[in-house]
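In structure tokens, one chain follows: the form predicted alone.
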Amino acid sequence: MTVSVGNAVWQGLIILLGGGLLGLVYKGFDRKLAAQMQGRIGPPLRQPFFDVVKLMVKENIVPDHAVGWLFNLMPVISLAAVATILFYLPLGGYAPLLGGYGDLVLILYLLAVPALAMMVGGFAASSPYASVGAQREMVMLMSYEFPLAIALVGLAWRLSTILPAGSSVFSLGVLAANPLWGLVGPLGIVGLALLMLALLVVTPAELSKIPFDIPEAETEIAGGILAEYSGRNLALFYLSDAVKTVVMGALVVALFIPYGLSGLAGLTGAAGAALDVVFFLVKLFVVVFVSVIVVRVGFARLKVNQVARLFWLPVTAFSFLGLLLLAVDRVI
């Protein structure tokens, strides 16, 4: 169905505002629940909102020897990239706003942009701490992108063998509307489980959360990439991280658990839509809790070589094995 320009504009504004607010809410839950699990009280749930407001009103300092225009541009590019991904995600049972204008390959590129922006910003800061952090970010990006690509492309390929020729299998909307769990056999289900596991491991790395927070590592390199950022620029990177949390969680939901409750409950119209939105938020929270909060509480920071080894060996092996099982399931 064609969306008018006016409808597309207000829907886009709702998605952007909702994604930002939801990301900050989940960051509040992240900090509060992690503190509780560690035996601390933790900050209030509204603390991320206070942090953004505080940073927005503080002075925006640019180091004397920094490449000023690059230093200031990178936070904007990072936030713009992750915000754009929101338009390609099926959120709460609704079709993606730009579902017909991009696919998984575009999403893969957009997911890499925030990391690249932080790298360029770190190098542009002309700080030794930021440069070390940028180098670490580069190693991480080269490590986790491969299993991520295998998981996303593998799902689209398997769906292409099931749906009629010409179907837009690389669209997240199509993937969410045709969950593979019920379309494959036992071997395919095991393969899907392995791909889901790989994507859950990639999620905290994409977000640079413990144990993959080596590009920042406050206790080692004083904040790393973000060591020289302050004020509005730091607030934009903070918002980018919040929105990317929603993006990664929604990506897992769309690919592996896109189901709604309105059909089971026999609800239609506004009531059914509201139930599906609430259920989507619950699924999103569960994914963030399992892949981010529990992991950061249960593990310590890894070394750079450990991160590279983890993603290039076991995680990539899991991804390949999952893809192989999907291929064998097709033949059988």
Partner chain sequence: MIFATLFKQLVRRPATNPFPVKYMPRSVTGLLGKVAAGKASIHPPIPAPVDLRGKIAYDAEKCIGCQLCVRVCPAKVIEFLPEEKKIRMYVARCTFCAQCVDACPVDALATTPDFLLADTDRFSENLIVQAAPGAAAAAAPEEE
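Positions refer to the first chain, counted from 1. This structure is a prediction, so every number in the text was calculated from the model and none was measured.
Not on display, but discussed next: the form predicted in complex with its partner chain.
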Could you work out which of Val286, Leu70, Val294, Val277 is the residue within 4.5 angstroms of its partner chain in the model of the complex, going by heavy atoms? Val294
Identify which of Ile41, Ala270, Val57, Val282 has a heavy atom within 4.5 Å of its partner chain in the model of the complex; exactly one of them does. Ile41
Mark Ala66 yes when one of its heavy atoms lies within 4.5 Å of a heavy atom of its partner chain in the model of the complex, and no otherwise. no
Is the gap between Leu33 and its partner chain in the model of the complex 4.5 Å or less for some heavy atom pair? yes
In the model of the complex, does Phe299 have a heavy atom within 4.5 Å of its partner chain? yes
Against its partner chain in the model of the complex, would Ile61 count as a contact residue? Criterion: heavy atoms within 4.5 Å. no
